[in-house]
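The chain below stands alone and is given as structure tokens, in the form predicted on its own.
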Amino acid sequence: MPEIDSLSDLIPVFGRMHPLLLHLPIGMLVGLALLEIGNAIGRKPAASTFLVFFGAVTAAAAAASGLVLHEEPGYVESRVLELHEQLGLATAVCALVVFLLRAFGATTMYRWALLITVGVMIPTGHFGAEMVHGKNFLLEPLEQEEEPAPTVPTPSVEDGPTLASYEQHVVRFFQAKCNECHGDRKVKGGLRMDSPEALLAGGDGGPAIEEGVAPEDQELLYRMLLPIDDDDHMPPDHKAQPNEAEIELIRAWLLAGAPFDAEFELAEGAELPVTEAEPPASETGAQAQAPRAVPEAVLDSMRERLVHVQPVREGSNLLWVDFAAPASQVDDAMVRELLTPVVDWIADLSLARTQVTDTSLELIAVMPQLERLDLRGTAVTTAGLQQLVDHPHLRELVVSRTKLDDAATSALQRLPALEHLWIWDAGLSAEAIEGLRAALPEVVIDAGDLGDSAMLETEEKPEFTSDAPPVDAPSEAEIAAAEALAQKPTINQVCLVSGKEIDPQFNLEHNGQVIGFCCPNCPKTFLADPDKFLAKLESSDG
């Protein structure tokens, strides 16, 4: 029996009741709506107040349990989760309003509010199902089922054994069949399968890969071999299932010790599964795993907020996103709002001189394609930088003029793909920087002490064809007139426009009177409405 030391221990249990509680308001509110439609047509009284109260209470309980469940690990922030949560709260609020209208006898308004509540509840349920079962769960049965992937003919004996590798074959199988529920956006059972480190870490049920254990007894393959109607079978029965070639690929990989870097042999007679077209040879790493094109509407919403966004290169779906234009207004909330929908597409991100803090690093850390990050001039600290540890593709990092300290060196040493680091004026001591260079000899570390670049070319001194002055330069006569005017007494001691002390070089002659001003802009303002300012002078004299 589990031990309960305090009532707070029951809070997570309440959160896990969310799948049970959420069905109660759905049944109650939809049933009430149908009942009230019949009552309205038959001109009958409204439903019992108690039923309406029960519907409101269950809606509130479902929303509250969902918020508690959200706090558990395994729920990565996403736009779908955010919409589901917001609409769930809206449903609970609407249900409460429905109860209050019914309690006060406002029957007509109550019935309309009930219909609105059901309308809000429908997309809430849709996004919830998409979170649990994947995108397009509702209409997936209507789509034409894809034929099993063809296989590549096995090479002849003369060609030697068929070889496969994790990068070219296994990782693509995981992307196609596993990562939707075990990736960076959703982590079912605490297991991620989108990187070697995550696979080795295992999940809530223990390790996914075990050394010295037969492939069929390892969790990874064992679940694939279970009958499809078994509750523990993976992938779930409503998802695309692995074909024989794919199962043999995983079996051979596990039998070889699950190598991530070396090739391994398939069993005799086994065939390689055909995957999607190979990426261009010039694209590796994150670029080789580029997602489909980002919806144009999402890009338009970012551009409306003055965020610069464009492909990192022609023909690529990956994005360069730069917040330079609205930098002074950019905070953590704005970053989360605009970048969550494109988290899978960002390869180059600049947040330089924005108002972001360590909070934004939580989202940035789960950007699977990120290769370059500019955080210069922000309030990011060592604690925030820790969240980037072990990022697989981050090659260039700019943290100049941030709030780091010497402890940041440990996090920087755990960026496996790092090639170039800009770290001047970031709070690190000279000793820490030298230690970092010694630990990362292959990384170019610019701390502002690399010296000037070599001069490539100089331009010859220009030769002018004449000594003519610039077109807008005043003539000698104009200069002499201005000097004479500056010597004349003025009718005022302070500027008529600003009230500041006058400067003789900005004197102006108007209707035979010399008027003094404090700057070159005030005479322009005066000439736009001279009577207004002269009246001010006369009133002060009076």
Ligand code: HEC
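One rule holds for the numbers: they count along the sequence shown, beginning at 1. Predicted model, so just to flag it, every value in this text is computed and none were measured.
Here the subject shifts to the form predicted in complex with heme C, a form of this protein not shown in this document.
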So which of 203, 377, 341, 128 gets a non-hydrogen atom within 4.5 Å of heme C in the model of the complex?
203
Could you spot which one of 394, 181, 440, 83 gets a heavy atom to within 4.5 Å of heme C in the model of the complex?
181
Is heme C close enough to 303, 326 and 336 in the model of the complex that each of the three has a heavy atom within 4.5 Å of it?
no
Within 4.5 Å of heme C in the model of the complex, counting heavy atoms only, one of 369-377, 109-117, 191-199, 402-410 shows up; tell me which.
191-199
I'd like to know whether residue 232 contacts heme C in the model of the complex, with contact meaning heavy atoms within 4.5 angstroms.
yes
With the partner left out here, check for me: in the model of the complex, does some heavy atom of residue 236 sit within 4.5 Å of heme C?
yes
Just checking whether residue 177 would be counted as a contact of heme C in the model of the complex - the rule being heavy atoms within 4.5 angstroms.
yes
So in the model of the complex, does residue 166 come within 4.5 Å of heme C, heavy atom to heavy atom?
no
For the heavy atom contacts within 4.5 Å of heme C in the model of the complex, list the residues of 210-229 involved, in sequence order.
219, 220, 223, 224
